[in-house]
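Okay, here we've got a single chain as structure tokens, the form predicted alone, with questions on binding and movement later.
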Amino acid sequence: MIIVAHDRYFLNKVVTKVVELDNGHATVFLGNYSDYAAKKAMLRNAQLKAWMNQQQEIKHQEQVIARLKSFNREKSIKRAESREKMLDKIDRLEKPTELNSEIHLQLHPRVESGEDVLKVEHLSKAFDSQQLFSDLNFSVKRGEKVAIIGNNGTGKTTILKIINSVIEADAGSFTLGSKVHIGYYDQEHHVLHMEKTLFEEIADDYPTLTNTEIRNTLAAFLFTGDDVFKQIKDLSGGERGRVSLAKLMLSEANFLILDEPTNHLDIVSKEILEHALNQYTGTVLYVSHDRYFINQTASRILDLTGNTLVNYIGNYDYYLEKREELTRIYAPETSVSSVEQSTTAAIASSGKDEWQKRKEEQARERKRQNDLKKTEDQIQKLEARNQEIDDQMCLESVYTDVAKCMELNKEKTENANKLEALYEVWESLM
């Protein structure tokens, strides 16, 4: 099978090889999506490290050459010219491309809310003869990241709209806690004004921002140049999503209510949003079908099933593990087919194996990082000593002293052998 998909959870469960298309080049990574993401990051870090090391060495050699020339002696000038020839022969590495496609999203609450952020009591809602849910009760505490999941048509988005006062409940109530300020991301983008330009959409809501600040904000979400004068109605779904996220970033809210925030976002943008939410010190309540996103960000899951909510303290893998047991207790009228049960059990077992595997990989990675640091420290010390020797060899009192020169030359040769071995160790660790 060849699969094109943005569903990273699905890719993790199914694929054995990933072909990445980037700037017109195809690169093959063995393993599933998580393997690809880890190897991609390591590969880029290794490339960047190698480039930076080479740049450092080039700069060091140029400084030595300049120093030798400054002595204005025949021997020093010849040695400088010899170093210049060696420098010209270096196969210079290309600088790794910048990750300029990322959305640089940072969310900062303006004020800290009280401990109790939201309390929902006996909430019910129906449309015509269809009862979506009844007698829902739940609360959200400060700092929690809560995901509401469930089948289509069960009323997940409706719950968010009620809490955000977009529609009214048939019965029940909700209470917001002390100093709670809501930031709302609507998948239908009703918070946007279709007739406005992107620039006007930001400027009208945040009149204290300068033109430069507005442009910088939009540029962070990939809107540059004349893009800022496009009308909202002319944007694609993904572009409108980025504008909504830009407004959310500026809101400084301490309680984010997000309705399908990863819809229309590419994988890189999803990962930037995940990182931003994980660093966010406020509270988050969201609806999503993106299982990988839920697994990365949720600290608690509310499953809307059988017209009620079943609570799971954990991420999506934990939900899969406990789903059958808790659904049977709290929503007995909701049947889980035998096929679904066996699938859930298989995935739960796989989740445990993956957890153990991740734990072992993390231990190996910590050891690798420690060994890498020790190796780099040793390399740095030897290179620093070699630089000292070079500097000393440029001194007349030294290069006229044959015994001293031989002693320093012997030390540098020994250092060179040690460095060669350390470079090989460093390469293998990288």
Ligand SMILES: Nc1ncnc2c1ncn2[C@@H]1O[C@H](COP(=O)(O)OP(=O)(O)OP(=O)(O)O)[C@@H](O)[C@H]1O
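Quick caveat: nothing in here was measured; it's all calculated off a predicted structure. In this text, residue numbers run from 1 along the sequence as written.
The next section is about a form of this same protein that is not shown, the form predicted together with the named molecule.
- Interface residue among Arg328, Lys179, His289, His108, judged by heavy atoms within 4.5 Å of the named molecule in the model of the complex: His289.
- Only one of Ser173, Asn211, Asn151, Thr281 lies close to the named molecule in the model of the complex, with a heavy atom inside 4.5 Å, and it is Asn151.
- Figure note: of the listed segments 220-228, 126-134, 111-119, 312-320, the one touching the named molecule in the model of the complex, with heavy atoms no more than 4.5 Å away, is 126-134.
- Interface residue remark: Glu260 is counted as part of the site for the named molecule in the model of the complex, having a heavy atom within 4.5 Å.
- The closest heavy atom approach of Gly155 to the named molecule in the model of the complex falls within 4.5 Å.
- In the model of the complex, the named molecule sits beyond 4.5 Å of every heavy atom of Ser76.
- Contact check for Gln296: every heavy atom lies farther than 4.5 Å from the named molecule in the model of the complex.
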